[in-house]
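Here are two versions of the same chain, shown separately as structure tokens and labelled structure 1 and structure 2.
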Structure 1
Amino acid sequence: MTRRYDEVMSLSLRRGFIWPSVDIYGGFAGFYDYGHLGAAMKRKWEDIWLKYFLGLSDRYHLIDTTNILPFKSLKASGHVDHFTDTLVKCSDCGVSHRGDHLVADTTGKSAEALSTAEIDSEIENLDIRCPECKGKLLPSTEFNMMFPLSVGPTGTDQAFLRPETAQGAYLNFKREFESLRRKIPYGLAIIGRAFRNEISPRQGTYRMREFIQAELQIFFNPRTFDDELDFASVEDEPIRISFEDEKEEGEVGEIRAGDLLDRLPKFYVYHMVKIQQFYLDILRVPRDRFRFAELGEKERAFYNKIHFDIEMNIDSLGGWGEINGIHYRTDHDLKGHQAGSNEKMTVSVEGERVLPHVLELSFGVDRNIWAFLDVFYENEERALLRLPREIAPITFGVFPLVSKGGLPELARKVHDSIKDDFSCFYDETGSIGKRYARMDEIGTPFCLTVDFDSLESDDVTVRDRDSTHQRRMSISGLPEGLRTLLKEGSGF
């Protein structure tokens, strides 16, 4: 791991963002818990995601579905037969490794597109040995990553923990189509847990066995969807993009959305713009930290016709890393469930029988939280987490300057007057400088300090996290003043 990884993990552990699950027993590989700050930050990120992406259409809706799916449904979706990674075992110590990771760690290039035979060839040619004991590696095999379950008192009903949230949307497609007055396009969003039995989980919350996805499945008629979108509003937007033959070198081009239509469908490009705007405009990710990276036919998931990863340049992971994806899944999923269930998935829309296609916007919540901790954390002149104020776990710190002279009592009243409207934290422990420093390191955008002048003038000092500049604000007008401050970000 890199020094940057250690810095971000140290922040996470010390301040209560993320830590290994059941760590009093030595941890549990591939599983992480959120502490009080991480849980608050995650919830805010999810709320912003929901507001933005459901706001793209009044026909996009949130649903919540089961974590356990029966064998037949995942056989129909293709996961039983194709949801595999390459497993390589050591002949000496018996430790299991993921084959493409071994090759990638040795060559510095992605090996996800390689077959088991190609991975075996690379391991032999590069003389790759077991990272644990330097023993000889056995021939690779395909390993299905789903967690099997036995359901019922006799355990005869075979099932799995869901490997993705998406299947819940496909299995509910017909129900929702009827409920939504038999119209497409429409979208079903799910935020929930997915489970993948990773061979070698690593890099903290970047590759986990239990993780959280935020996904929007958009069902549409491929013949008409382009015309149902306002592409003119986005056609001049420059998209940060790396095509298949460019991404390994880290090359990123800026290509006007309208100029991508000779390579990609209009509906696909439109949603690329919307995703980019979410990160650059709403969450204020630095532009040079964001890109779309194309996956080739051998790299992408078996169900995708077009697949771009959404990546951020994450120092703790050594460079560009996938945090999300935009996937054109065609009619693969509904067709599979139609065949497996004998239930027709074709629908009648304006006199036309249609088997809808699906555009999937898939977001890894845990990966996003880690990426934001990495990208916005500074630890040079002072420890500072410059989180966008919308996802900062605490928005306002409230302090008395000192713990005497009536200041704690007034500070408590200030805290109580805003706590129902904002996430805030009261603290009177330690010097005011140390309290500011603690708030800076956990990303709190503003601190309100009650001093002796406050007793006479009925106002408080408001301190800005990033600039450390201060201004006075009336106590009686605090709720409205703070709302304006959060909305405009001005006054410093």
Structure 2
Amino acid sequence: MTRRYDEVMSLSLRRGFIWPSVDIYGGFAGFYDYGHLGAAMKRKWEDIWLKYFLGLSDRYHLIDTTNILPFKSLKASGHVDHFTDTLVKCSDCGVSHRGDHLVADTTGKSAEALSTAEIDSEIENLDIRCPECKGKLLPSTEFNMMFPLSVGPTGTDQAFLRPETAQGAYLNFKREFESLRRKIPYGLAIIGRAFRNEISPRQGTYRMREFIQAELQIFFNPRTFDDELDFASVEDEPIRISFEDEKEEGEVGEIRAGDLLDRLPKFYVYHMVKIQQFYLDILRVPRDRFRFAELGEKERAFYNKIHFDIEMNIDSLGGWGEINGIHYRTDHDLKGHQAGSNEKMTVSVEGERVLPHVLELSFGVDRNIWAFLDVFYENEERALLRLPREIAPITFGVFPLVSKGGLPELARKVHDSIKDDFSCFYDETGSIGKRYARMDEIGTPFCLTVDFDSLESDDVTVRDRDSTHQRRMSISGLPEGLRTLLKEGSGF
């Protein structure tokens, strides 16, 4: 596992996908930068994500919201009080424990809502000792995972870096409800950064302190949403799913969408199908590397009524890892902001007064990028990154077979004729084989090679990355021919 991690990281460092931020000062735990290939790939991933998910409905739209949120809004959302850990340290062995867990383990009741003072008095009353060594416990300390900020010249306006992009959607719910002409369901997508002061960031881009989320928040009327979706079109789709009791074993069942309805609501299953199709059909992730994994009651946030992680099997991270989630958050968020802001969040639709519920489709962009590098990288007989062509940082390499005899000039011309339409890369150094190999390693799906025949017959060789097979294509028909090639599949 570690070897695989090193392989992927080495590729990433050498070629320019991802590396630690502030590298020249020794790095900065929990922060990573994207190099030129990584940034291009990430942008393409975001584009295809947007295109697909906004394409699910005319009523799903992209918005963009601030990274910094004031105290009040995060107080109302619950983050000020609940996005915290109460840490209790043992005076003897020095091990830290979560205070609410210690209390909960003794009383059998959730202690999540207790303050540090309350937890201290519970520990005192119940005579709770360190579970490791039975030593005496020190007074508890509060640790909030949000990064605090002071805004304004006096610094008295307390704020935080947002811990999730989702809040941006909830805060804009009312405005958009008006702009979108007072109808639900509608959806707000945000691609942006979120910030969490993780206690121990680990495993590369898997747990970062600053990370990118792509989220779609769908606001709907829980009474009618099921009927507003075309479930019949997806009901026969087999869904790859692991329920709580089977996921540790790595078991993945395939259950027909229609047969999940005795356990899950229609609207939830419908979106599971759509997400699975995005991964298996659009991004062509190998089927056995994808699944939904159920979270048990203890694992999920209290406001998530239904919560499945969306996981990929990532060798460099030791197996199944959460890259996204699909959360039924009910009316928790709008209710909280309604109470906090005194703005009415209920809306009147078709004569009915409803507080909309939220279905959140949440994607970790950095985790996706890492997962794709891992899953599609092969380093056996030749180094090969089998990225789906839509997210490959470079789509076409353009080469002269050899750098003489007028070939470079013609190859340049070919390159110039398509560079405005596609991500291209021109190269004439080294041997042709080496140039192919370089492109294979960074996932470039096709290479165009100008040879001596090209001078006579106005065509070039198109080489397919995965098969290495070639065919010829006319130069004069180029931009269009390549567009067709990308659309129809390789055909090699």
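From a predicted model like this one, the values you see are computed outputs, not experimental measurements. Take the two forms, superpose them, and find the largest set of C-alpha atoms that agree within 1.5 Å; that set is the rigid core. One-based numbering along structure 1's sequence throughout.
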Q: Name the structure that matches the description of the form predicted together with the RNA.
A: 2
Q | Rigid core superposed: residue 278 CA moves 2 Å or more between the two structures | A | no
Q. Core aligned, does the CA of residue 156 move at least 2 Å between the two structures?
A. no
Q | Two-part rigid motion between the two structures - turning angle of the smaller part, in ° | A | 64
Q) To one decimal place, what C-alpha displacement in Å is found for residue 122 between the two structures with the rigid core superposed? A) 19.8
Q: Superpose on the rigid core and then read off how far the CA of residue 84 has moved between the two structures, in Å.
A: 3.0
